[in-house]
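The chain below stands alone, shown as structure tokens; this is the form predicted on its own.
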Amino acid sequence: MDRRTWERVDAYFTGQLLGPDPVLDAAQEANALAGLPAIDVSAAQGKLLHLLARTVGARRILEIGTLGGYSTIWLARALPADGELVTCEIDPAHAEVARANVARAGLDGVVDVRVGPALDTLPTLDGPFDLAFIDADKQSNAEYFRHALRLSRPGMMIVVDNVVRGGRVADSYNADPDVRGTRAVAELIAQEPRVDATVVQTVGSKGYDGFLLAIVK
């Protein structure tokens, strides 16, 4: 099977199970107009994040890597009215777009966009959080995971995006910094007794990749 088949299947299930969403469509349009890279999660993946947040009964969510706020909206919609989502974005221009998208979605009361390198922001945060979504520079994945674990509680879910890298993650000789960063977080988790984890490989409109899912014991 090829990518066209994956895209057709994605479109079918998105149409059947998600339906139209003008708010999210407007966010994607705003991101494109602002020149943001088209590296958001897909609609189906966004819905997965939303369902995971609901599954753990999330009241506080940590997101590392905001971009234009598309995944932020999916996650924030899972929160109760008095919930909180803290999202870290290094690029001020991206953060400005994200804030506008979040406000249009009516979620600015629960979303706190922090601007600056996440490795500067994370030490200033207090836990616990109920879910963390890591989707920023892959070279820092291991450090992001350590911070998420520090801010965790038993039962917290930590989701790391883009861990399959089109299959390249299995190549131990691959010198790509993103591959090396992904392997580093996998090796860290393998030695971490406080979490249980697995990886779900994905195909679809975003190609071949996957999520790492970890639960804090």
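Computed from a predicted model, the values in this text were never measured in an experiment. A residue's number is simply how far along the shown sequence it sits, counting from 1.
The same protein also exists as the form predicted together with a small molecule; that form is not shown, yet it is the one meant from here on.
Asks: Indicate whether the small molecule has at least one heavy atom within 4.5 Å of a heavy atom of Leu67 in the model of the complex.
Replies: Contact with the small molecule, yes.
Asks: Can you work out whether Gly109 and the small molecule are in contact in the model of the complex, taking contact to mean some heavy atom pair no more than 4.5 Å apart?
Replies: Taking the distances in the model of the complex, the answer for Gly109 is no, it never comes within 4.5 Å of the small molecule.
Asks: Closest heavy atom of Ala118 to the small molecule in the model of the complex, within 4.5 Å or not?
Replies: Although the small molecule is absent here, Ala118 would touch it in the model of the complex, with heavy atoms inside 4.5 Å.
Asks: Please determine whether Asp130 contacts the small molecule in the model of the complex, using a 4.5 Å cut-off between heavy atoms.
Replies: Taking the distances in the model of the complex, the answer for Asp130 is no, it never comes within 4.5 Å of the small molecule.
Asks: Sort through Val86, Ala136, Ala105, Leu79 and report the residue having a heavy atom within 4.5 Å of the small molecule in the model of the complex.
Replies: Contact with the small molecule in the model of the complex is made by Ala136 alone.
Asks: Give me the residue from Val169, Val41, Val185, Leu149 that has a heavy atom within 4.5 Å of the small molecule in the model of the complex.
Replies: Looking at Val169, Val41, Val185, Leu149 one by one, just Val41 meets the 4.5 Å heavy-atom criterion.
Asks: Of these, 187 to 195, 174 to 182, 149 to 157, 59 to 67, which stretch puts a heavy atom within 4.5 angstroms of the small molecule in the model of the complex?
Replies: One stretch meets the cut-off, namely 59 to 67.
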